Ligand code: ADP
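Just the one chain here, the form predicted alone, laid out as C-alpha cells.
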Amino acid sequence: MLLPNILLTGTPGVGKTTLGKELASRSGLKYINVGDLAREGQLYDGYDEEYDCPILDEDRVVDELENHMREGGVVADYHGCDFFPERWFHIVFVLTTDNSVLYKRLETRGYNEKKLKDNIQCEIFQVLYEEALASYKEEIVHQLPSNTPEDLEDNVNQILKWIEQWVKDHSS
C-alpha cells in the first residue's frame, strides 16, 4: 500500500517531535527526527560557536534519507525545510506556538540568551512558514497551532484524517 510522506517543521520548541512520535505511533508511519539522524550518523559540516551547535551537512542528510523517502510512509521532523527535495513530501505542517509558551519551552532546554532571542524572533516573523511556502507548493503547506495538549490531540486527529483520505485517493 502506498503511504504519504509528511514533513513537520517549525521553530525549535514548537512540538514537532511530540507530534511526530504520537502521529507515528497512531498511524503506523515511520518517524524520523532529522536532528537525531544527523547526530547518530555524524552528518555535520563543522560547529557553530555562536549558537553552540553542530552545522548540518545537508547533502549527506539528503543522501541518508533518500531511500526512506522513496519507500514512503515517513513522518519527518526538522526545524528547516528548504534543503529537502520538493518531491519527497505530500504535505507539510508548520507548527506555531505563542511566544510566551515557546520562551518557557526553550528556556527549559537551557538555550543561551542569543539562541532564545533569535528563535523567538524566528517565530514572531514566521520565518519557517515563509521558508515552507518558498520550498513547496502553497496548497500542501499548512500551519497548526501547538500550544496545549488539546492542540496536540486536535493536530494528531486532523493529520490522521488527512492520511486516511490520502490513502483512499491513492489506492488502486
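The first residue of the sequence shown is number 1, and the count goes up from there. The structure presented is a predicted model; accordingly, all values stated were derived computationally and were not measured.
The form predicted in complex with this ligand exists for this protein as well; it is not shown, and the discussion that follows is about that form.
Student: Taking the pose of this ligand in the model of the complex and superimposing the site C-alphas, would you call this form open or blocked (blocked if 3 or more ligand atoms are within 2.4 Å of a backbone or C-beta atom)?
Tutor: Site status open, zero atoms under the 2.4 Å cut.
Student: Only one of 52 to 60, 65 to 73, 128 to 136, 142 to 150 gets a heavy atom within 4.5 Å of this ligand in the model of the complex; which is it?
Tutor: Careful reading of the contacts points to 142 to 150.
Student: If the cut-off is 4.5 angstroms on heavy atoms, which of these, 114, 26, 39, 109, is the one near this ligand in the model of the complex?
Tutor: Filtering the options by heavy-atom distance leaves 109.
Student: Taking 4.5 angstroms as the cut-off for heavy atoms, does residue 14 touch this ligand in the model of the complex?
Tutor: Yes, residue 14 sits close enough to this ligand in the model of the complex that at least one of its heavy atoms falls within 4.5 Å.
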